[in-house]
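Below sits a lone chain in structure tokens, taken as the form predicted alone.
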């Protein structure tokens, strides 16, 4: 019969396993990662017009801009947040006031606004979005569409307090 010796290495391994699994042998749940804030994108603020009105739809519609707004750190959805949207579309240039509109996030932090079809400007079909309400730091986004034939574009915000 062989005698098992407890070495320092085996003691540390066994102790580490007990700490990781707990006395009942269950795995301890991992802590949630902190959700990093969204940085503003280069070119996102191009042709920004402060104070665009909250609208039901921009122009004749046919294209959907969607996304979510969450709080940095814990990732909680933020309701009632104002998101401004503008783009170069089949009905106007991104400098035109009628090409701008804003919407509010719902209880799940989601927003959705219908607008005219986005068309390429400077070779790329893209939209502009801004969070600029003041409770959190301003963020400008300029997401590029995969194809000018796409009929929707999604952009997500993770905001940090101002």
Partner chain sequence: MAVAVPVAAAAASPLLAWRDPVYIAAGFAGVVAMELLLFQPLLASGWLPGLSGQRGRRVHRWVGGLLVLAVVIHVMGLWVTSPPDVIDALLFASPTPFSAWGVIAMWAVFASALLALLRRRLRPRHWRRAHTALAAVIVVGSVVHAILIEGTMEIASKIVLCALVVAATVVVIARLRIWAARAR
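Positions refer to the first chain, counted from 1. Keep in mind that what you see is a predicted model, and the values were worked out from it rather than measured.
One more form of this protein exists, namely the form predicted together with the partner chain; it is left out here, but the text below deals with it.
**Q** Please identify the residue among 116, 67, 125, 101 with any heavy atom within 4.5 Å of the partner chain in the model of the complex.
**A** Answer to the contact question: 125.
**Q** Heavy atom within 4.5 Å of the partner chain in the model of the complex: which of 47, 40, 108, 133 fits that? Just give me the one.
**A** Among 47, 40, 108, 133, a heavy atom within 4.5 Å of the partner chain in the model of the complex occurs only for 47.
**Q** Answer for residue 112 alone: is it within 4.5 Å of the partner chain in the model of the complex, judged on heavy atom distances?
**A** Residue-level check for residue 112: no, no contact with the partner chain.
**Q** At 4.5 Å between heavy atoms, is residue 95 in contact with the partner chain in the model of the complex?
**A** Yes.
**Q** Using a 4.5 angstroms cut-off on non-hydrogen atoms, would residue 120 count as touching the partner chain in the model of the complex?
**A** Yes, contact at 4.5 Å.
**Q** Just to confirm, residue 148 within 4.5 Å of the partner chain in the model of the complex by heavy atoms?
**A** Yes, residue 148 lies within 4.5 Å of the partner chain in the model of the complex.
**Q** Out of 71 to 90, which residues reach within 4.5 Å of the partner chain in the model of the complex, heavy atoms considered?
**A** In sequence order, 88, 89, 90 come within 4.5 Å of the partner.
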